[in-house]
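One chain follows as C-alpha cells, the form predicted on its own.
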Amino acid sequence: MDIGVLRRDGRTDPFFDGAAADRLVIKHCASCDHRLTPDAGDCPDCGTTELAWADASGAASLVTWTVTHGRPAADGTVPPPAFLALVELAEGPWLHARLDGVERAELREGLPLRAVFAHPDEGEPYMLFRPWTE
C-alpha cells in the first residue's frame, strides 16, 4: 500500500532531518523532562509550548495493530497487506506507525520493535518499525 509522497512544512524539519540520517527525533519538554510525539505542540504535564527536539533510541514495543488490504488492480494483482500499529517508544510516547518485515502470526502485544527509515526517490524519508531481536 503506497503512502504517497511526504513533504516537510517547516515545523517538521528537525524530524525529517533526523529521518534522512536514520535517526528518530521526538519532542522534549525541558521544564518537566517529558518526552512527546514529534507532532506535539505543547506539554500535557506543564503546558509549555517551548519544546525542543531530542534523539530517541528507536526502540519500541507493539501496543496494538490492524491489517488493511488494498483493492485488486485492474489486472487482478493484489497489493500486499499493510500492518498499521500503535507503538510505545522506549522513551514513553506512543506513535501511530507502519510495521515492516512482519508476519501476521508473529504479531503480539509487547513485540520488541526498532525504528527504521525508508528513503523514497521522491519526497521525505518515512519511519517504519520492524521486529527487533538483540
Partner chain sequence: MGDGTAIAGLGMTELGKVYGRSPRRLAADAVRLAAADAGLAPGELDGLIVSHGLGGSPGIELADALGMRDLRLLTQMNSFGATAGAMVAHAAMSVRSGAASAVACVFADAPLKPKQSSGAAYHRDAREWYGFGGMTAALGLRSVNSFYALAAQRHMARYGTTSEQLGAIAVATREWATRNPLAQMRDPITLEDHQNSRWVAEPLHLLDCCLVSNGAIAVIVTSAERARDLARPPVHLWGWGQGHPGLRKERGSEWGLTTGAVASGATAMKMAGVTPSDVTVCELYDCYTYTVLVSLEDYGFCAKGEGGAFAASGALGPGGSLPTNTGGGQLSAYYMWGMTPLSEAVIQARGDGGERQAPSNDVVLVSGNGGILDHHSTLIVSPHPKGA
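Treat the numbers as computed from the prediction; the structure is a model and nothing was measured. Positions refer to the first chain, counted from 1.
Keep in mind the form predicted in complex with its partner chain is missing from the figure; the text below concerns it.
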**Study point:** V67: touches its partner chain in the model of the complex, heavy atom cutoff 4.5 angstroms
**Key:** yes
Exercise for review: Give a yes/no on whether C29 approaches its partner chain to within 4.5 Å in the model of the complex, heavy atoms considered.
Suggested key: no
Exercise for review: Examine D39 and determine whether its closest non-hydrogen atom to its partner chain in the model of the complex is within 4.5 angstroms.
Suggested key: yes
Review point. Does D2 reach its partner chain in the model of the complex if we count a contact as any heavy atom within 4.5 Å?
Key: yes
Practice item. Note which of L95, A54, L51, V102 lies within 4.5 Å of its partner chain in the model of the complex, where distance is taken over heavy atoms; exactly one does. Key: L95
Review point. Judged by heavy atom distances of 4.5 Å or less, which residues of 72-101 approach its partner chain in the model of the complex?
Key: P72, L84, A85, L86, E88, L89, A90, E91, G92, P93, W94, L95, H96, A97, R98
